[in-house]
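Below are two forms of the same protein chain, given as C-alpha cells: structure 1, then structure 2.
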Structure 1
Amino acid sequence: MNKSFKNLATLFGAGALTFSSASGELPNFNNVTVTVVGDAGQNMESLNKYADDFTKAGVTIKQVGATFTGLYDKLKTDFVAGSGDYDMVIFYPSYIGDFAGNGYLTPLDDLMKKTPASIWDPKLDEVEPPYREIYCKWGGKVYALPYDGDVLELYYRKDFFQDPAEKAAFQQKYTRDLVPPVTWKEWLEVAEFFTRKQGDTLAGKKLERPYYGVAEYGARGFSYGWFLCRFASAGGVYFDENMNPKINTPAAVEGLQNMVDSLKFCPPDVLSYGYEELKNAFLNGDVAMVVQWSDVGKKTADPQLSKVVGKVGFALVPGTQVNGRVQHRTPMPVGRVLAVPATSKNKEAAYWVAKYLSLDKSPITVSANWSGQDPYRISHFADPSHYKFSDEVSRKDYLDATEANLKNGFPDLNIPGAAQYIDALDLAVNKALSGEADPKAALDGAAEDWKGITERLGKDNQKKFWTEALSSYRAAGLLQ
C-alpha cells in the first residue's frame, strides 16, 4: 500500500485501503460502514441506486433520514454534542457558514489532492462558479462537494408565444414583439396579456374556464426566493459591510411591489401555492408562465406528469435595468452539498462516497426525475445524452437556460443565523402578498428583525462571517 494512503488511514482512523484490481476505478475500504444523514426522500435515493458500487468498494451505507425542516436541528445537535454519529452529511448550503465557521466540518482540500486522481479528485474546477465559490467553500477552504444545483428558471408556453394571432395582438397593444419577458416590467405586461376570462379566445381556442398569465410561489416557506428574483437583479445584497440590512432599500420595495402586482394575473388561490401547486399549475396547462426550480424543466417533458410536453420554452429569469443594461441575478434557493463532519469515524471512506456522488454518478443523477437533483457542472451541460425530452430543441433550450441561470446564480444567505434571517424575510414577503402590510412596511419590519437577530448572535461575529461571505460573492463574480 502507498505510504501516503497508509498515513492517511492512520490519521483518519479508517480501515486499511486498497484498490480494486477488477475495474481500476473503485477503491476497497475493507468493509466499513458510512452513516449518511440528509432530508429523507428522493434526495437520498442515489444512495440506493448506486448501492452495488458502494458494496464493491467495501462500503456499507447506513441511512438516517430527517424531515426537510428538521435537518438543521438534527445536525446541529449532533455537532454541538460532538457525538460523531454521522460520517457524511447532506445539507442545504445556506448552513455552510454555521457548520464550517464553527469547526463542525472537515476541510477537504488535502483529500482532494490525493492520488490517483480518479479516486480522489472531485474536479471542482468544472463546477459553475456561484456554486463552487459560495456553497462549497468557507474561509478559503473547501468544506463540501456539490450534489444538487438548485436554481430558478423561467418557463413559458412557447406555443402561445409563437401563435400568429397572439403575436399580432400583443404587438398592437404593447408596440413590441411577444417574447419571453427580459425585465420584471415586461413580466407584468406579458402576464396581463395572457390573463383571460372564461369564453375568451386563446391561440384560436375558446376558453372553458379562466386562464392566467402567471403564478407565483405564494405560500409561506420559500416565497422569499421569488422576491429575491426582483431584489437581487436590482443589485441587492443582504447587508452592507457593517451588517446593516439592505433588504428594505427603495429598489427592494419596488421589487416586492412588482411581486404583489403580479398577483392580479395569478390564479385566485395562489397564496396557497408551494412547490407542488406551482409546478402543477404549469404542467397542467393552467398558466402561461412560471418561475420555478430547474428540476421542473425535466418534468415538462414527461407525459406521465405533464400536459404541455413539447410546448414549453426555457429562459433566464427576468432581470432589472441597472445603469442602462438589464442585470440578471437568479436565486439558488435550497440546493444540497455533501460534507464530512469533523467527528466522523470514517472520514476517508465518507469523502470518497461524497466524491463518487458529486462527480462520477452525477450525470445520471441530475438528469433523472427520480432524484430531485439538478445540474451544477459544466460537463452536465456539455453532454445532453442523459436528459429525456421529446425533441432535441427542447432539450438544448432547457440545458442552455439552466446553465445561463446558474452562471448568474444569487445565493441563499449562508452565514450563521441564516435560517432565522430568511424566515423573517419570508414572513415579510407573505405579509405584503396577503395585504397585511404594504411592501415598504413589511420590509422595514423585516430589517428591524434582522438587526435583532444580529445583536442576539453577536454583531462582531456576524460581521466577520459576512465578510467571509462577501469574499465568496466576489470570487464567484457576483460583486465587484
Structure 2
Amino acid sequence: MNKSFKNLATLFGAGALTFSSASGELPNFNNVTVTVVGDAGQNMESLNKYADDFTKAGVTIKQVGATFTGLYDKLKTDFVAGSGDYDMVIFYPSYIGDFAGNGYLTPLDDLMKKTPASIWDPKLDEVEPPYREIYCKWGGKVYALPYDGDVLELYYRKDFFQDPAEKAAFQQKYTRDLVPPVTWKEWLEVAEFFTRKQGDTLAGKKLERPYYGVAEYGARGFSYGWFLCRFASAGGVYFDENMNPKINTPAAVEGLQNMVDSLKFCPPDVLSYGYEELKNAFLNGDVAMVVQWSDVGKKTADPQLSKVVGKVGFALVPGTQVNGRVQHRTPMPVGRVLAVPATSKNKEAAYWVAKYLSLDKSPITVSANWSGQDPYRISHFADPSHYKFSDEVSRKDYLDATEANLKNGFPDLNIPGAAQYIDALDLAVNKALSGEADPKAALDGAAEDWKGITERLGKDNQKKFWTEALSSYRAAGLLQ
C-alpha cells in the first residue's frame, strides 16, 4: 500500500517535473527528502544558501556532516553495510575508483541525457579536463559531478616582495632579483631570507615576534600533498606500468628532503598545522609564503578573515628543473565531487540537486568566500565578476594563477585502495618531517607498504585499475 502510494507520488512528481521544466522554472519533485553527507562546514554551506531553491523544487535537504579526515570512513562504512542512508554524497575524488569500482555509486550517464537539458544536463564538456576525466569518470562512465576544483597555489606577500629595502637585501645576498620562487630550490632561499628573529626589521618595521619565511601542511592527513608538489614536478608518478611503487626514486627522496629542509623556516609548531592553521598563519600575516588550496585566495581578500587584504600575490606552485627546463606539476589534493549512491531511494532528485550545485549555482559558490569551493569550469575563469577582491589586479592575478596551476594539475591517486596508499605515504612524509626517519628510509618504508597493499588487493586487479587511471591522466592531458 505504502509502496503503491510512493509509486503514484513519483508518477505525479514526474508529471509535475515535466510541466515545470517546460516553463523554465525549477523542477518539482513532490516533497522528497534528499539526505546529503559530506565534510561538514564551509563545504556543505551551499546546501543552506540555496535551501529556498531546493524547497521550491519540492526537495528537502537533510544534511549529515563528517569530519574533514573522517569522511572516507563514514562513507565506506555505509557503503559496505549497504544501509542506504544517503541519497547524495560529497566526497574526495581520489576515492572514485574505490567507490565506483566496487559498485557503490550510480552511473549518471542516463540521467544526464534526460530532457529537458536545462534541468538534467550538467554540461561536463565545459569542465576543466583533469576534473572531468579523472575525478568524475570511472571505467568510461560518469559517476560524479564536479563540485570543488581544488588545486594548490602559491601565495606570497607581494608588499614584502616589492619593498625596495627587501629587494636590495635579497639581491645582495643571493645575487638575483627577489621574485616568487619558481623552483623548490628557490623556495628554500626565499624562505630563509624572510625568516627573521624578534626585534629584526621587516619591510622597515621592527618585528615584535619572530617572523617565518614559509609554513607547510605538517599534520597527519594531507601532508602528502605538499610532498607531491615536489615529487610530481620532478616527473614522479605513483607506480610504473607493472604496479611497482615509484615513490622512493632518488628524485622523490630529494623532494622530501626539500620539504624537511623547509621546516627550518617554518613556525615551530608547523607539524600540527592542518588546513586551518596553515591558512590562518598566512591570513594573520605570520609567514611570507604558503602553498595552500585555491579557496584561501578568496579569503585573503575578506577583511573579516584576513589581515593581509590587498597585500597578497598569487603564483604557480614552484617546480623542479628537469632536462634544462622548469617543470611545474601542481597537486590537486582533496577536491570534491557529488555522486548518487547505488542504494539511494531518491536517485533522480539527488542527481538534480548535484547537477544544480555543480552547474547552475556554481559561479556563485566557487567565487564566494563563505564556501570552500574552487573553480573547475572554463566559464568560472571566463567571468571574474563574481569574485570579490580589493582590486582588479588581485582578482586577475588570482584567477590567472589558479588556472595556470590547474593546467599543470597533478591528480591524487584514485584507484581502489587509494585511501590506504595515501595514508601510508602520508605517514612516511610525516615520519620524515618529524625526524622519525630520514627521507629515504621513510619513502622506502612507504614503497614496501604500497607493495603489501597491492598484494592484499590483488596485483592483477590493481594493475588493471592503474592502467585505466593512466589512460584518464592521458585523456586529461596530464601525461604524454
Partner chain sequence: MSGVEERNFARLMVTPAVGLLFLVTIAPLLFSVVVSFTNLQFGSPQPMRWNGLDNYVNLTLRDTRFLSALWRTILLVTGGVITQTVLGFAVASLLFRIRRGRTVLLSAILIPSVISQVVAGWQGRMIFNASYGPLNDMLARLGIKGPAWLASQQTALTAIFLTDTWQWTPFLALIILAALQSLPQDIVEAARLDGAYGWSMFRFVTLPLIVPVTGIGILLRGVDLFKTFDLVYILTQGGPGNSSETLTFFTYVQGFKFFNPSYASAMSFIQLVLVTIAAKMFLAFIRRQRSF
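In this text the structure is predicted, and so the values were computed from the model without any measurement. Residue positions are counted from 1 along structure 1's sequence. Take the two forms, find the largest set of C-alpha atoms that superpose within 1.5 Å, and that set is the rigid core.
Each of the two structures shows the same chain on its own, and it is structure 1 that derives from the form predicted alone. With the core held fixed, the Cα of Pro245 is displaced between structures 1 and 2 by less than 2 Å. Remark: with the core as the superposition reference, the CA shift of Lys355 between structures 1 and 2 reaches 2 Å or more.
A displacement of less than 2 angstroms separates the C-alpha positions of Asn284 between structures 1 and 2, with the rigid core held in common. Core superposition gives Ser83 a CA displacement of 5.7 Å between structures 1 and 2.
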